[in-house]
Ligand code: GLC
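Listed next as structure tokens is one chain, alone, in the form predicted on its own.
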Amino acid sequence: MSFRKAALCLCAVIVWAGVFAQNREDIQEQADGYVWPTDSTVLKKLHQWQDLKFGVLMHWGIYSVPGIIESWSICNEDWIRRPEGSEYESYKKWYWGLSDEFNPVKFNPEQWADVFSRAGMKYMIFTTKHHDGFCMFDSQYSDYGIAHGPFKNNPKKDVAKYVFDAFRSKGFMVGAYFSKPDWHHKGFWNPYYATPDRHPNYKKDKHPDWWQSYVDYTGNQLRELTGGRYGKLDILWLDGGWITGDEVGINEILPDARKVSPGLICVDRTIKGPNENYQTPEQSIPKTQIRHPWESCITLTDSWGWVPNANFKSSRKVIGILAEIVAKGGCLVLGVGPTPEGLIEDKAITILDEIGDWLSRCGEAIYSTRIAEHFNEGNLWFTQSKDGKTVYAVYALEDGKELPIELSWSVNLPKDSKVVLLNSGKKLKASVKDGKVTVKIPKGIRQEPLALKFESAL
């Protein structure tokens, strides 16, 4: 059986591994170690970003060709699953060779931007390079990338440029994902040695020239992305927390990058300190509110990249996740992977359109809100307006359940009996007795999460 067929057959088995893409400590809550930026323009940009609440993170690369977990199948760690009977070195050779097959002739970033705009998303992060080192931008420092394979004669071969431009035209805040580790570069995984895990496969003090070649290469690529050729960026999202930004010169790169992109938010994720301007728990939500900037990165399916026959979260599920995250003070960036041809698949579009329809009616309870002191009771998640006068309650309707005949809660009491159901714009009557609020739900309304608006009694 060819590696392609074997990989496709194995997809259902290994796709779960996307949840475990980082070190175990990387996906835990990070409520400590945050350092507030001292640059006023970065602080201003962070506050603007915190108002957006909902974004998209797109993983797209050679791993999309067979539809397998992004990059990780070539990493030799004991949680990785590859086709049974495959030999590691042969598998790596096959994986690297996917660069000769990646030809997304239907690449349509305008479709992406339109779909995600309709979904109510306000910012985007695009994977310019994952850990496998395959560049989704036209880097002059590497011929291992989309601009040097079968797609090289396409006028849109500098993929990242066209993606960023398409989303800017829709008013998105624009971010570049970039992996600091690069397993394809000989300065990181040198072919003289075996590759035992995700780390450099040699001792840096024994081969300082190899390490310096990797550092120079990575710094040069970061300068390419942030130096102006790709326009102004809002977010630089650095992945691969087993290498710090300091090690690849981010402290020298950021000042110049912020001359091109004032206020550029740097996310040296899982590396606590001044270059992690917001924190990023992965595939998880903190247990309680966090008052510094943060974002949960969670996938629409079980994988970051596109895989065939994926298991999708419902629109109800995503709205519930979004409401919980916002009530706890964070943003949600939803992982959606384009297909090998360069499109967003129909099933994803259907779900995203449902989310966008809900946000078009109920988004007032999500966008530009702030945390309420009492943020949760049962399936109700509370937010409030910036001035604290208006409170919102989002009822997260679970899959397979129907709306109750009434909602009740004992915190965030309304000032009077007027409660607006944002889903329909209708006014509902709230009764308060013994410190408990009860609102009857109208019959015949859509079976969807509900959003209520009322003035606070406090």
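One-based numbering along the sequence shown. It should be emphasised that the depicted structure is a prediction, and the values quoted were computed from it without experimental measurement.
Omitted from view is the form predicted in complex with this ligand, to which the following refers.
Contact annotation for the candidate site: 53, 294 and 328 all lie away from this ligand in the predicted bound form (no heavy atom within 4.5 Å).
Partner contacts here mean any heavy atom within 4.5 Å of this ligand in the predicted bound form, and among 201-209, 221-229, 91-99, 130-138 they occur only in 130-138. Although the partner is absent from this view, residue 177 contacts this ligand in the predicted bound form, with a non-hydrogen atom inside 4.5 angstroms. Although the partner is absent here, residue 282 is a contact residue: one of its heavy atoms lies within 4.5 angstroms of this ligand in the predicted bound form.
Although the partner is absent here, residue 239 is a contact residue: one of its heavy atoms lies within 4.5 angstroms of this ligand in the predicted bound form. Interface residue remark: residue 122 is not counted as part of the site for this ligand in the predicted bound form, having no heavy atom within 4.5 Å. Screening 306, 116, 72, 188 for any heavy atom within 4.5 Å of this ligand in the predicted bound form leaves a single hit, 72.
Contacts between 37-62 and this ligand, taken as any heavy atom within 4.5 Å in the predicted bound form, involve 57, 59.
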